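Presented below, as structure tokens, is a lone chain in the form predicted on its own.
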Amino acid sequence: MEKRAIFNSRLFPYFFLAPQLLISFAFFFWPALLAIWQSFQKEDAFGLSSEFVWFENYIEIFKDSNYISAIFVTIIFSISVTLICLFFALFLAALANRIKAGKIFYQTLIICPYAVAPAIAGVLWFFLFSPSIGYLSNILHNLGFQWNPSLNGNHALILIILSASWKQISYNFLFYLASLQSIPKSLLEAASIDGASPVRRFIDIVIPLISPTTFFLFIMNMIYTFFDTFGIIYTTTHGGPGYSTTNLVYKVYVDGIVNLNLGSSAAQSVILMIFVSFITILHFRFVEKKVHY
């Protein structure tokens, strides 16, 4: 039987909701409204004067070749990190689900990178692949591969993809492990009795049953690559060389903080806000209702 709270006054529910509403307005809605308002204005570098210019900032950013480059970098970066994280996290979770001895130690070891801050993860991978002192870069040089992310844009992009993937695999691993452990053993045993090989059981039973988790992680990884990888890019490549590793979030920082073009930076923030709203609607629309097996 469902329990319901009964208040003597109609104002009591609003009284209890007030702190949450005030915090949401102060830290989410008010800054968002300011960003929208600022995206329609042009300000001088010191913020002393401003002019309402309607959609001029939006038109200018789509004429900017560096912004178009940032869109392509963001797409390549997001898809690469998402696919790497999903594949390796599922592989590691499948192994962790089968081992008997040392399971806790193995799981803890895989989860550790998730506790590392993005900026620290970027510094770790920067030193590992540093052309002069990096251990892994020395191995590549000994193999005859001239690795230099400071001068080669492709190398720099690979570096931030590896760093961001290493940081996020642990998050995916936790969800996949929980999902694998929730699969009824009777289904796998029945398929085994019917003669299905381990690979066939994994493809025909396990992957369909964990598809809701995969879709959820796909959305979360895309959000992660868009917004939580700023620290990694800042500490490894600073968006360079050139604009080869500048994604959309880092472009907002460069235009707003470095170039002091506040109107353009606000317009880019609004575009990212629209994208996040779209991803959120997609998440609640399909994860909660459509993906079932």
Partner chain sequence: METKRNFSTALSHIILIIGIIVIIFPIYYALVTSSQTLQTILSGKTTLMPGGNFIENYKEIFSTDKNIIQGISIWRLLFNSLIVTLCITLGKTTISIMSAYAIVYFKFPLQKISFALIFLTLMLPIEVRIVPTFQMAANLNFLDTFQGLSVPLIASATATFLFRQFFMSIPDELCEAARIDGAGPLRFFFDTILPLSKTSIAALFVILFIYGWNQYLWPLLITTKQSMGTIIIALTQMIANDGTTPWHLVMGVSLVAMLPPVLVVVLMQKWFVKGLIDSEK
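Heads up, when I say rigid core I mean the largest set of C-alphas that superpose within 1.5 Å between the two forms. Positions refer to the first chain, counted from 1. Just so it is clear, the structure is predicted and the values come from calculations on it, not from any experiment.
What follows is about the form predicted together with the partner chain, which we do not show.
Using a 4.5 Å heavy atom cut-off, state whether residue 256 contacts the partner chain in the model of the complex. Within the cut-off, so yes.
Applying a 4.5 Å heavy atom distance criterion, does residue 245 contact the partner chain in the model of the complex? Contact with the partner chain, no.
So in the model of the complex, is the partner chain close enough to residue 132 to count as touching (4.5 Å, heavy atoms)? Although the partner chain is absent here, residue 132 would touch it in the model of the complex, with heavy atoms inside 4.5 Å.
Is there any non-hydrogen atom of residue 67 lying within 4.5 Å of the partner chain in the model of the complex? Because no heavy atom of residue 67 falls inside 4.5 Å of the partner chain in the model of the complex, the answer is no.
4.5 Å heavy atom contact with the partner chain in the model of the complex for all of 53, 158 and 222: None of them does, since no heavy atom lies within 4.5 Å of the partner.
Looking at 75, 99, 151, 183, which is the one with a non-hydrogen atom within 4.5 Å of the partner chain in the model of the complex? When the partner chain is considered in the model of the complex, the option within 4.5 Å is 99.
Would you kindly say which of 79, 71, 178, 190 lies with a heavy atom within 4.5 Å of the partner chain in the model of the complex? Residue within 4.5 Å of the partner: 178.
Candidate stretches 143 to 151, 79 to 87, 166 to 174, 204 to 212, one within 4.5 Å of the partner chain in the model of the complex by heavy atom: Going by heavy atoms within 4.5 Å, the stretch is 166 to 174.
Going by heavy atoms, what in 109 to 132 lies within 4.5 angstroms of the partner chain in the model of the complex? 109, 110, 111, 112, 113, 114, 115, 116, 117, 118, 119, 120, 123, 124, 125, 126, 127, 128, 132 sit within 4.5 Å of the partner.
Establish whether a shift of 2 Å or more occurs at the C-alpha of residue 26 between this form and the one not shown, with the two forms superposed on the rigid core. Yes: residue 26 shifts by at least 2 Å between this form and the one not shown.
Superpose the two forms on their rigid core, then report whether the C-alpha of residue 15 is displaced by 2 angstroms or more between this form and the one not shown. Superposed on the core, residue 15 moves its C-alpha 2 Å or more between this form and the one not shown.
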